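Okay, so we've got a single protein chain in two different forms coming up as structure tokens, structure 1 first and structure 2 after it.
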Structure 1
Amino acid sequence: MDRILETKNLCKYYGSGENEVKAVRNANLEIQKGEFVAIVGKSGSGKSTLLHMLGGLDTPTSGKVLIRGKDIFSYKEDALARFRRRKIGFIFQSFNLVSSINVWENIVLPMGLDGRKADEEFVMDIVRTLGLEKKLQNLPNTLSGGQQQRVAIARALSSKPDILFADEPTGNLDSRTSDEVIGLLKMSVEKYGQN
């Protein structure tokens, strides 16, 4: 098997003494290329904390995250940022859209930051699949929660990342749209070899 992601005794503790919260405790996981994996657990059990570390967005208290065998926290900060922009897509639980620019600009922003031009046909394909074609000129605060979530999904898929992390990507969607989004994520794993 082709192992793309692995953690070794990954821990994230917040606070200290009586206030210490062990959000992630000794997580050891292995994900193979092409796998579609869901992390389940109740609210506050550490899912977002774990995902942020897997995506290099938050540093562990101890332990390692290996992507293709390479310890991602051994990169210098700017190298890690570049690696994230090129290889990793992240759909945040709270969307993280930029409020001052429109939907289209939000979707292509990560590629722009990386000095790449968007593959417009490919992006439009995703936009249509997610039903956002009439909202491209809108600012994020004029969209419903579910629409904002779909923009965040379009943004993550558009840069064709090797690995896609999605933190509750269907949390704000109705059940039909949720099924469609999960279908789209699965399709993107199959079609583009994302994980």
Structure 2
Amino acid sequence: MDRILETKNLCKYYGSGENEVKAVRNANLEIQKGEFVAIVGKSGSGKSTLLHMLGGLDTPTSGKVLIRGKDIFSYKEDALARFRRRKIGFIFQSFNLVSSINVWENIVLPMGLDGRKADEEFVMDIVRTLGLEKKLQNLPNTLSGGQQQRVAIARALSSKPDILFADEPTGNLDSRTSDEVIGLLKMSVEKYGQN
């Protein structure tokens, strides 16, 4: 199989001395292309810290994160930001939508920040798949939590990333909507080739 992500002795420590917190200690993992992987554990066990390092949002204390064999922390800050916009999709528990722009603008925002034009046919396929076609002109605050999460999923998929990270994507949703969102994420692995 094709390895898309690998970590080598990944660590993240906060503080020092007796106040040191070892949020992530020597994490080693491999994820193959097409895999759907969940990181589970109790609250405070370092799941979000690990996910943020995997996606290049947080710098490790030591160790490496390799995406397609390239250590992402070998990039300079600007190059890492560009890499994230082009190769990594993020879905957050709090949705992170921009309240002053409509659904369509939120979905294509990452590509605009990168100076790229959206593949409108591809984005509209995602929009239809997620049932958002009648909501494109809406502002995020006029949508339900489940609809906002669908917009966040569409935004994450729209730039055709190599890998998709979701940090508690169902944490603010009821159980029925949570099941639906997990189903949509699994479908994206199959339909759009995301990991």
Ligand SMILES: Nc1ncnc2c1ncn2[C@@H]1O[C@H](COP(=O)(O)OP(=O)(O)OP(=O)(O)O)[C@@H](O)[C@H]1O
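Bear in mind the structure is a predicted one, so any value in this text is a computation, not a measurement. We call the rigid core whatever largest set of C-alpha positions still superposes within 1.5 Å between the two forms. Sequence positions of structure 1, starting at 1, serve as the residue numbers.
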property: Index of the chain form predicted in complex with this ligand, chosen from the pair; result: 1
property: Residue marking the hinge between structures 1 and 2 [rigid parts; choose from Trp104, Glu133, Gln147, Arg86]; result: Arg86
property: Rotational displacement of the minor rigid part between structures 1 and 2 [degrees]; result: 15
property: Per-residue C-alpha deviation between structures 1 and 2 [Asp119; rigid core superposition; Å]; result: 4.0
